[in-house]
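Quick heads-up: it's one chain on its own, the form predicted alone, in structure tokens.
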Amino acid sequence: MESYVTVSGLISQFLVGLSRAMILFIVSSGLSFILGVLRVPNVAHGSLYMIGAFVAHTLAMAAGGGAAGFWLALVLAPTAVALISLAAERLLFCHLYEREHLMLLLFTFALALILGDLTKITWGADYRSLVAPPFLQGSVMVLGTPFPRYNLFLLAVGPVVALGLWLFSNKTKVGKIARAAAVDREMVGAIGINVGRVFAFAFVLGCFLAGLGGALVSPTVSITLGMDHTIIIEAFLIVTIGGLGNMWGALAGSLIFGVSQSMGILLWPQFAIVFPYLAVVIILTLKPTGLLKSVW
């Protein structure tokens, strides 16, 4: 097995794993943000990711494809997901925040089933694919290894999202209030702040990131029903090993998950799926509370 592993292949798979980790981070950071502020285990997060991918394809095709259609989809698809989540939060979630976590889990699971059926009714069961704009097609040489331009683009987007979330959480008034609400929501409400609006904003922002992840992944995978199942399992595992509600933990977990999965494909393709879950088992065995401090 080792004789087939070359330095070039190792570098290529490592970079592919990093680019995959960026998608995982964008989706997981949204889930982690919702968990941290609202204490809601949002199982419907994966369905919103799937809807983001379908909406991105629809918008890109409506705009005639090409670079303009891609950028339009990249902006408007997450926005559409954010609007859907805002309606769900204002009509449904805002009445349930004081309920037990199990009830919230069951509610979001039911919402995921509803969104899945609505997606099937709207787009059908056919596979779809979105073509990246011309300047993001093809490959470039990275460390002497050909690497897809689009994956390089993903490697740039991930840190930008991480920096944006950090700036929002630490440098803006709304972000600081959201962090305070995550620690003591009763005290935040007692000083006259509308906690309901803070929760709504946090939920919408987290869901926007799910839609963004769906739009970004569209040129790299088939857009189809069921793509939400895998991502929500992976996102919850990443949030768990990183530390519940910890954004940097979500980043660390995503890197571990993405790279281990990619290395597994290179080293032992038949059992590649085992590698990231084995990493999860090892981490939780050594540190059951996660890599970084949980906000729960």
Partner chain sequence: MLEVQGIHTYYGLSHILFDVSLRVEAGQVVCLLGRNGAGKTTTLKSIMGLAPPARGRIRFNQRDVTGWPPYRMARQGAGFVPDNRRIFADLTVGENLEIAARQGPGAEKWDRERVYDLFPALRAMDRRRGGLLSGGEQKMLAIARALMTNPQFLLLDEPTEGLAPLLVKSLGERIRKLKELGLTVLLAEQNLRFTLGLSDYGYIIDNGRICHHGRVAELVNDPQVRKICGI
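Because the structure is predicted, anything quoted here is derived from the model rather than measured. Positions refer to the first chain, counted from 1.
Although it is not shown, the form predicted in complex with the partner chain is what the next lines describe.
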In the model of the complex, does Thr122 come within 4.5 Å of the partner chain, counting heavy atoms only? no
Hey, in the model of the complex, does Arg179 get a heavy atom within 4.5 angstroms of the partner chain? yes
Touches the partner chain in the model of the complex: Val183 (any heavy atom, 4.5 Å): yes
With a 4.5 Å heavy atom cut-off, would you call Gly192 a contact of the partner chain in the model of the complex? yes
For the spot marked by Ala68, Thr79 and Arg128, is every residue within 4.5 Å of the partner chain in the model of the complex through some heavy atom? no
Out of the stretches listed (141-149, 210-218, 184-192, 96-104), which one is close to the partner chain in the model of the complex, meaning heavy atoms within 4.5 Å? 184-192
